[in-house]
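So this first bit is one chain, no partners, the form predicted on its own, shown in structure tokens.
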Amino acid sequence: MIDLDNSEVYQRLDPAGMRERIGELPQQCLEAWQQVLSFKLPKGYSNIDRIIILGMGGSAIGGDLLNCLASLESETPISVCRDYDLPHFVDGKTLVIASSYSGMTEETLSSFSQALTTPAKKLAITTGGRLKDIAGQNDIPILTIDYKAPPRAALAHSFIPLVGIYQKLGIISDKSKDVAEMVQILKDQQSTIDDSCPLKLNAAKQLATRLYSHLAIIYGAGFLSAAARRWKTQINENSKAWAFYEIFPELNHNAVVGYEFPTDLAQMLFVVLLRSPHLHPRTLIRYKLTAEMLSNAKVSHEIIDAKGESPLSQMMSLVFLGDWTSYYLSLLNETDPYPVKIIDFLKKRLAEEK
């Protein structure tokens, strides 16, 4: 097995420096927060009763995280649209936010173009591309991302601006203290899980070692649902590995029944349960009982508790741990975490089919 404490491994398998991009998350969250605080929304944008976030992949997960956070205090319906077509319920009291890091995501461009024909209020978050051009041509506010990285490594810029925008709209309360706590939590956490911390003291390296050669299944609940999804997608893209996620309490009504067959699969699985004391008390009992059922089914598993006091800190501490874990798993798989060649291939073939 690859030695995760050997610096040569990082130079050989990560020549583009994905570890630097992951390690920049605390600082990027702070910079994204400062940027959105100075971003001005047009008058009348607060006169809405629903929000739709258009996006795919690394640009959409910010919407999922924000949806989970806002659900704890907001009555405004929020949805994330991952498709070519805009939902039919869009009207003049809808805010449509198109989020595409590259500005070239075809599904987002398609649904955003449809939004132009509606009376909805609109906003774009991007580095440039066609999305920025279209928004500019239609006098739509643009929050420009000035950070170079793969979209999945630019999470701070697809999530934190949404927190600020929702705060400005009055949909959620002032998150300044929560953001400050989150940044400090991530900075403190960094020294215990980045590549400079040895395996014997590094929770992310240890978890990646346990996940190695296993099929990862991530369990989450409530406001941690999007964090579970983020773990799944990071293992897919960074580690180049299969992964799935499930959500409590729904998984207790179906997934647990599937622990029996095929019998040979049990030894190949590893379940990570992301947990917070802020979850519903009955849901926390379900974590305990589900862990017992996994043990009885001889399925390896581990419960990971969130760090920090605020829901924002707890969500992001788990996201940060998942990002580093997926990174170390890529090294154990002896694959470069940076490129996503199969997605590039798919985009090329889609372009040929037009």
Ligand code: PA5
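Position 1 is the first residue in the sequence shown; the rest follow in order. Note that the structure is a prediction, hence the values are computed from the model and not measured.
Keep in mind the form predicted in complex with this ligand is missing from the figure; the text below concerns it.
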Item to check | Candidate stretches 172-180, 100-108, 76-84, 259-267, one within 4.5 Å of this ligand in the predicted bound form by heavy atom | outcome: 100-108
Checklist entry - Does this ligand get within 4.5 angstroms of any non-hydrogen atom of residue 16 in the predicted bound form? => result no
Checklist entry - Taking heavy atoms and a 4.5 Å cut-off, does residue 151 contact this ligand in the predicted bound form? => result yes
Checklist entry - Should residue 308 be counted as a contact of this ligand in the predicted bound form, where contact means heavy atoms within 4.5 Å? => result no
Checklist entry - So in the predicted bound form, does any heavy atom of residue 58 sit within 4.5 Å of this ligand? => result yes
Checklist entry - Does each of 237, 340 and 347 have at least one heavy atom within 4.5 Å of this ligand in the predicted bound form? => result yes
